[in-house]
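Just one chain is shown here, as structure tokens, and it is the form predicted on its own.
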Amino acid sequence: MSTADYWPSTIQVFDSHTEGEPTRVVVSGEIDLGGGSVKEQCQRFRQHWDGLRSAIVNEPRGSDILVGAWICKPANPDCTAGLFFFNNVGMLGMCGHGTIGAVITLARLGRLETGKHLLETPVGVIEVHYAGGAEVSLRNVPSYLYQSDVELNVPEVGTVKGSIGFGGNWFFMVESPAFTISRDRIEELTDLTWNIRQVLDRQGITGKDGAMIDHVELYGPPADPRNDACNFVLCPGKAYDRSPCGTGTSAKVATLLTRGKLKPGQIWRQESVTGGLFEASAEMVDGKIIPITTGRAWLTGESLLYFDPQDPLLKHLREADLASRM
């Protein structure tokens, strides 16, 4: 097999944004993911098509803030579709804003009607409710507070205390000291959260079973007093989340419920640093916390991406992917 034959020559994508955060959904460009569960298909994509991942979401076809969603065949026959997610540096376990963007895209394609649907993801089956228009509600995978009162000594800041939680991805949620979250401080907030991420890595602080904590979340007062908080979330590739972060909001409401600061079914209104808004709550089901997040997404474009075998910027990516199969 040549490098020219290994990748599809074109891939059709739909772009959207969910409360400000972009999603690129791959809707055509068949590759052989081998079947099985979405988790298994995601693992094969990670192993054998990491260069293609980069070519889809990174420059010159994308940017470091873009999150990709790949629609695939679910193993669970009750599911409308399978989805796995990736960003500028690798794969994601789950993505709340990306799921909302994918639902809007599936609806645009006529592959999903209003009402409830099950979607299979690498971290489990989730339920979504498409209300029509831009609004989608997501019942996420079981989420939980893993560890409280974790103290870090962060250079130029001092002692930072926070909690480790899971909402489909792993988060370090900073609780003190308090920080002002605003658009004019984005560079400062990015540096701060990146430093926290590096301290977590250096000290070997992880989630359950050694899972990497690859998201850091700060909180501050909301701009709108009707809301509960404003957050700033640093994603794994050092880009910040323009939305309030679906998995981060899930980890937050799970933490609040565990601590008795949020009642089952009580709404938590989470702003993002750019002004996006998610409404979230949580329920107890068989002893597990199930977050429910509602947000809005809008389509921004439809594109056909070209992958010319003669493109020199793709040469090393193609060769690395092909070598992974040898």
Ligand code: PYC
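Since the structure is predicted, the reported quantities are computational estimates derived from the model, not experimental observations. Note that residue numbering begins at 1 and tracks the sequence as displayed.
If you look for the form predicted in complex with this ligand, you will not find it shown, but the lines that follow are about it.
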Margin query: Although the partner isn't part of this model, could you tell me whether Asn169 comes within 4.5 Å of this ligand in the predicted bound form, counting any heavy atom of the residue?
Written below: yes
Note to self: Quick check on Ile196: any heavy atom within 4.5 Å of this ligand in the predicted bound form?
What the structure shows: no
Next item on the list: Please check if Glu19 has a heavy atom lying within 4.5 Å of any heavy atom of this ligand in the predicted bound form.
Entry: no
Notebook entry, point to check: Going by a heavy atom distance of 4.5 Å, is His117 a contact of this ligand in the predicted bound form?
Noted result: no
Check: 102-110, 197-205, 179-187, 240-248: which one contacts this ligand in the predicted bound form at 4.5 Å, heavy atom to heavy atom?
Finding: 240-248
Note to self: If the cut-off is 4.5 angstroms on heavy atoms, which of these, Val174, Val141, Ile71, Cys235, is the one near this ligand in the predicted bound form?
What the structure shows: Cys235
Check: So which of Ile126, Leu218, Leu92, Leu192 gets a non-hydrogen atom within 4.5 Å of this ligand in the predicted bound form?
Finding: Leu92
Notebook entry, point to check: Taking heavy atoms and a 4.5 Å limit, what residues of 95-111 are near this ligand in the predicted bound form?
Noted result: Cys95, Gly96, His97
